[in-house]
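Heads up, the chain below is alone and in the form predicted alone; it's given as structure tokens.
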């Protein structure tokens, strides 16, 4: 085993450029796939959160008396579907908007304290979260006549869910094309490495070296290339995740709320490492075996 490792290390050092290029190609491919999985994973989490948090905003008509607003809140709070109801006055809505979007503060000041309508923020119980139940509840609020608008955002959440389904299909196709392209590039890089050592391989075959003895170092080189490439890809994914997390949380506080962007779980990271390592090993092994078969 030590002899195999020494031969592998010698081969890497003698052809360091080709080794780095092969690892770089693997890293680029895994980074692309990992980024796609990271995006879909976080979008899935957001859609799941929105789907399981039926938050309905019912906006009162202008000039609705305060006592009417309080009575509406009490009536809705007593319904069996409702988990909680929060009364947001026009002044509170204006303050919230200024906090979330400071650049809008001058506009809100010009419009006055009642620039935004008062509303009721309603959360339904988990057993009343089907699309039909939420739509029926929202319609009952609209029919009550006290509200100018009832917003529950289920339509665009459904459209986003459909978009994610299409995105997954696109990702599968993209992943397949990326895998084929990566294999092609790595195979050509390995072919150059094999060609550069063709005399050495031919001499080893002439003196009676077995195929296993010849192929072993190349297979280990491929494994190390894949391990290095996957490690670099994971490091770049982590750097990308860290750089975007704070920016997105600042830019989209209303959408993200307190939920943080999630990184890939440990099984996914191990899968990336496994794919890179096995892919590098397989490509190198196949390239050397094909060359040996071409020898007389």
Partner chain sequence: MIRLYHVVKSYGDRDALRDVSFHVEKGEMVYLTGPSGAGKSTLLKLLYGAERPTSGKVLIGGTDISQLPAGNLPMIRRNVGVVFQDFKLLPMRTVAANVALALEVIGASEEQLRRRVPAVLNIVGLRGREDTVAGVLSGGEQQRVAIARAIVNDPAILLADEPTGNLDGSMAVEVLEILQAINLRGTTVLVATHDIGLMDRFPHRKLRLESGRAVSERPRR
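Predicted model only: the values in this text are computed from it and were never measured. Residue numbers count along the first chain shown, from 1.
The same protein also exists as the form predicted together with its partner chain; that form is not shown, yet it is the one meant from here on.
Contact annotation for residue 86: none of its heavy atoms lies within 4.5 Å of its partner chain in the predicted complex. At the 4.5 Å threshold, heavy atoms of residue 79 stay clear of its partner chain in the predicted complex, well away from it. Contact between residue 210 and its partner chain in the predicted complex is found at the 4.5 Å heavy atom cutoff. In the predicted complex, at least one heavy atom of residue 206 sits within 4.5 Å of its partner chain. Residues within 4.5 angstroms of its partner chain in the predicted complex, judged by any non-hydrogen atom, belong to 197-205 and to none of the other stretches in 219-227, 197-205, 136-144, 70-78.
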